[in-house]
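Before any questions on binding or motion, here is one chain by itself as structure tokens, the form predicted on its own.
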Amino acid sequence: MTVPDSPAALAALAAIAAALGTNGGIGGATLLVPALVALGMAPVDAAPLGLVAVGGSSLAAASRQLRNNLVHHRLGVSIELPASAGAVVGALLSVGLPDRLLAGVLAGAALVGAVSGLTRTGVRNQPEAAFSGDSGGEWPGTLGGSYELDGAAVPYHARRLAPGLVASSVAGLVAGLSGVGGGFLKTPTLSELMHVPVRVAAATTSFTLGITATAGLAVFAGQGRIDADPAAAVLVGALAGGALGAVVQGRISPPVARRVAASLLVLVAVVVALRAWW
């Protein structure tokens, strides 16, 4: 029995992928889908399972991320609207694209995100004494806020909103096409393009990925592409892994979180490319 055929193995694989993906803010499906394809599952079957994993890990991580005041709701909704629209379009188109073309898009996008995370050093957003009394969280009515870093308040404000919305729509399109959730594009978009702290970017992305997944899954369900038994196994694993990933996410430094996410993206690109071309 191979991993794709074993419910227990599917659940374990989904848990590992969700824990790593939530911690890096890239979504567990970014790792799960390439792993399933590498183990012999057809991409058209792996994509729905990937979005199930995205929804489960997002739901499991949400409560802790909210308690830690890391999720920016206004910013999340702003980037999620074009992402969800892209996910629907991608899911509708997904059955007609060659596997190799999709693999090339995935690998290239993953490498772009990895390079952006690995080439920047240090912490862009620094603590400021003027905000020492800020309790953390988003500032209502704005795309800014603050979060706690080593006992100090770090203020931030999202920049380059228009390019960020365009990039989010591309992330949603990729999510619908492949089932990877799009977090590996959305987190670098927030962190590197819009200058949102990586902890906030990762938490906001993880929190909103469930909406992207729901949009894509609605189309997959209409296409009859969701198999209940493996989907249930993946959901159970993703719920457990997402909860674990959220615990770890709040305890590591921003540079470490950025390097973890970037390293995972390199792994994703290599696995996808090897599976598609060799």
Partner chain sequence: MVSNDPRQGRFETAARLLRAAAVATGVLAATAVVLPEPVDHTLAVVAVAVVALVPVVRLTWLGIRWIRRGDRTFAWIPFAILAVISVGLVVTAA
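Residue numbers count along the first chain shown, from 1. Since we're looking at a predicted model, the values are computed, not measured.
Beyond the structure shown, there is the form predicted in complex with its partner chain, which is absent from this document and is the topic of what follows.
For a residue to qualify, one of its non-hydrogen atoms must sit within 4.5 Å of its partner chain in the predicted bound form; none of 12, 107 and 155 qualifies. The partner is absent here; in the predicted bound form, the one residue of 44, 248, 218, 39 having a heavy atom within 4.5 Å of its partner chain is 218. Although the partner is absent here, residue 244 sits far enough away that none of its heavy atoms falls within 4.5 Å of its partner chain in the predicted bound form. Remark: residue 84 counts among the residues lining its partner chain in the predicted bound form, judged by a heavy atom distance of 4.5 Å or less. Among residues of the shown chain, residue 95 is not one whose heavy atoms approach its partner chain to within 4.5 Å in the predicted bound form. At least one heavy atom of residue 140 is located within 4.5 Å of its partner chain in the predicted bound form.
Stretch 144 to 152 is the answer when you ask which of 166 to 174, 144 to 152, 95 to 103, 193 to 201 has residues with heavy atoms within 4.5 Å of its partner chain in the predicted bound form. Within 4.5 angstroms of its partner chain in the predicted bound form, the stretch 73 to 90 places a non-hydrogen atom from each of 73, 74, 77, 78, 80, 81, 84, 85, 88, taken in sequence order.
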